[in-house]
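One chain comes next, on its own, written out as structure tokens in the form predicted alone.
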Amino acid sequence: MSILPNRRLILAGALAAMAAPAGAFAAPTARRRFGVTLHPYYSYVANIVGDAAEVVPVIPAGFNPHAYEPRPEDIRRIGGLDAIVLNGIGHDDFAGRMIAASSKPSLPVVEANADVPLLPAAGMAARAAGKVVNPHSFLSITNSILQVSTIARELGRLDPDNAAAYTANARAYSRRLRQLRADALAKLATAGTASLRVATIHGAYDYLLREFGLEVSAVVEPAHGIEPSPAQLAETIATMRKLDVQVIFSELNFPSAYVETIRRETGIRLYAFSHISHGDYAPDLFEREMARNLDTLVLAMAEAAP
């Protein structure tokens, strides 16, 4: 009796499978799962790993990282990670408690700021609370590029099969970030704002402003999220007047009545930066929000120019 064509194919496949060496049909290696705590680090890691790994936010979008307290379901998420990337200098202190309470207390940790030159914490209350350094290093193109390089190197050590891809992706991403900075500097080439005096609502923006040659003359909040007392506010307004501050930078999506009081009492121009801590996690979020911050900075410097 003849064998039908489709049966011949089935028989041939079975014979080939029997002849194949052991391990030829091993399941593909699962993608690594790397955790992050903050929106900028999601963007960094997503651009570094591409499709080679999964990026997992350990806290859901919509939570304020300054006020976040770990929840059981978020701690359980730690157990499914292969490593976690941390700011590590004060913006995600909750992560240490989460890791310690998880099923993976020895989870590998990538300290993104290991190679970043850090600024001291701004505000007496912040220093009194033990905040030695300013944790907002991600609000700077130059420092972000340093962190991207560190993250790519360390993830490559943990995932050597994809190390070359991580390095190449990090370099491509860094080139795009450098272009953002170059575009902003080109717009400011003739602004003539070297003597611009600025104040900030809190100390998050020192890294960004220093990158463009600006020093912060006054910080309103004693620490991030802590409103000044009436006496402190009056003192800060007096300081701004004495120093002839021309521009105040506040935080986008963080309205406060005392900010309007300062603007009304001093007449100083007010501009808002994104803190890059709101909305959905997305690979392009950091680029979009930093492009907006740089446009805001260029506008403020140009409008304050003589």
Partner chain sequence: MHRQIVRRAGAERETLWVLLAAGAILGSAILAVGLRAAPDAEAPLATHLIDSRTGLTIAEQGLYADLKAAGEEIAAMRKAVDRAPTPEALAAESLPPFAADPSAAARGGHAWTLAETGQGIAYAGVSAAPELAGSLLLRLDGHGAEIWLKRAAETPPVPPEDAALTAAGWKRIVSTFTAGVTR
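Positions refer to the first chain, counted from 1. If you're wondering where the values come from, they're calculated on a predicted model, not measured in any experiment.
Separately, the form predicted in complex with its partner chain exists; it is not shown, and the next lines address it.
- Interface residue remark: residue 117 is counted as part of the site for its partner chain in the predicted complex, having a heavy atom within 4.5 Å.
- Although the partner is absent here, residue 215 is a contact residue: one of its heavy atoms lies within 4.5 angstroms of its partner chain in the predicted complex.
- Its partner chain in the predicted complex comes within 4.5 Å of a heavy atom belonging to residue 211.
- A residue is said to contact a partner when one of its heavy atoms sits within 4.5 Å of a partner heavy atom; residue 202 fails this definition for its partner chain in the predicted complex, lying far away.
- Only one of 167-175, 74-82, 229-237, 154-162 lies within 4.5 Å of its partner chain in the predicted complex by heavy atoms, and it is 167-175.
- The candidate spot formed by 105, 251 and 270 is out of contact with its partner chain in the predicted complex: none of the three has a heavy atom within 4.5 Å.
- Residues are counted as partner-facing when one of their heavy atoms sits within 4.5 Å of its partner chain in the predicted complex; in 139-155 these are 142, 143, 145, 146, 149, 153, in sequence order.
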